[in-house]
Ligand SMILES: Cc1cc2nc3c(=O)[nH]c(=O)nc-3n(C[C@H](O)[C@H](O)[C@H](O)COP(=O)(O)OP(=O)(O)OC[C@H]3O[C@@H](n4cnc5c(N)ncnc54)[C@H](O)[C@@H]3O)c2cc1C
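Below sits a lone chain in structure tokens, taken as the form predicted on its own.
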């Protein structure tokens, strides 16, 4: 072909980009395009931190494309209308893109297919965001998995595709109009949280190499310590496609093969987290109703009787539970939250404050830089006890004992709660006596955990009955 379009979506990189590679070997000229949306129309699913990060990703991508002889074409509006205009302008014979696991993106893809039929343009969807997608990992009866462990075993047995390599040169037609690459004032965004990771493929690859070379072989020992820096911090890079999930997985397996038994176990624990990511994606692909309903049908219509006024205290990190408040303040100040404290904070909202998990899911999506719909929904439903798990409802984490186990010296708590920096760390591991404060200016606990736990058990038992 002479002219084709590559539509960038959640794949903002040149290395091992399936659709971009396919476009580059299929045509003389490729027009790379990203279509900006009016993000404020989707306030429940995004927020300033993620949009700031996107701006940086687009600037980086444009620079990388210019280095190989092309440039990023930027349009704004409804994706189908903008792609049709661009196809007419460039006389495109095909539109290449990587498939989206979210129902919103999939709906656009179906409309794009019909548009291609109307215009006589070939529509070329590719697999890229997941190693195994949609209905590739199935039970012996040909059904989608609802529980992680058997899914992961089946996932590991399937063959993995080879890498597509990096694009070294790309010829694009000249004279195509484009908006300027946006800066942080483009959407009149409020200030971003401090500490948001540097955007772009180069920065992402630097983070990946640092994790693979320095931390992955200790991941099993350090991943649950929120103050320890033992996680990969690659979640935003996978969310925006700055890294190839295939390359990351292959690099992990190389490290496992070169390691002793203990280090190999750590590497494979991290690989299991990559599989969890795809498990939640296939849940969303095959059960899209999870965005509005409980995944477990037994708990649909669950009544959450908590006081809605407590939602703001949870958001602002003023619950009187130090580990919860530290987590919420980390999120507010950096756009990131450690995975262990995500579980603690989520379970506290649902099982101590008895508030609907959808409140927390929405807030996380508006605040997290790495907010990914499938993983966020899956994590919230797992924590709430309504999600993909064999025996969920009686799993109720105690914030005080979680602190003793995962932040015993109080380093994480003291980092994010300055009011508590002079308090003996052992006092974070048990609730204070009724009416007593851990420090001046810091609130007393908003609830009694043991009482809240009993209420939660009764709520679930009633629904189960």
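From a predicted model like this one, the values you see are computed outputs, not experimental measurements. Residue numbers count along the first chain shown, from 1.
From this point on, the text means the form predicted in complex with this ligand, which you will not see here.
When contacts are defined as a non-hydrogen atom within 4.5 Å, all of 238, 270 and 337 contact this ligand in the model of the complex. For the options 124, 255, 233, 75, the one in contact with this ligand in the model of the complex, meaning a heavy atom within 4.5 Å, is 233. Screening 101, 371, 387, 220 for any heavy atom within 4.5 Å of this ligand in the model of the complex leaves a single hit, 371. Heavy atoms within 4.5 Å of this ligand in the model of the complex are found in one stretch of 152 to 160, 324 to 332, 166 to 174, 337 to 345, which is 337 to 345.
Within this chain, residue 375 lines the site of this ligand in the model of the complex, having a heavy atom no more than 4.5 Å away. In the model of the complex, none of the heavy atoms of residue 287 sits within 4.5 Å of a heavy atom of this ligand. Although the partner is absent here, residue 379 lies within 4.5 Å of this ligand in the model of the complex, judged by heavy atoms.
When contacts are judged by a 4.5 Å heavy atom cut-off, residue 299 does not count as touching this ligand in the model of the complex. Using a 4.5 Å cut-off on any heavy atom, the residues of 248 to 285 that reach this ligand in the model of the complex are, in sequence order, 270, 273, 274, 276, 277, 280.
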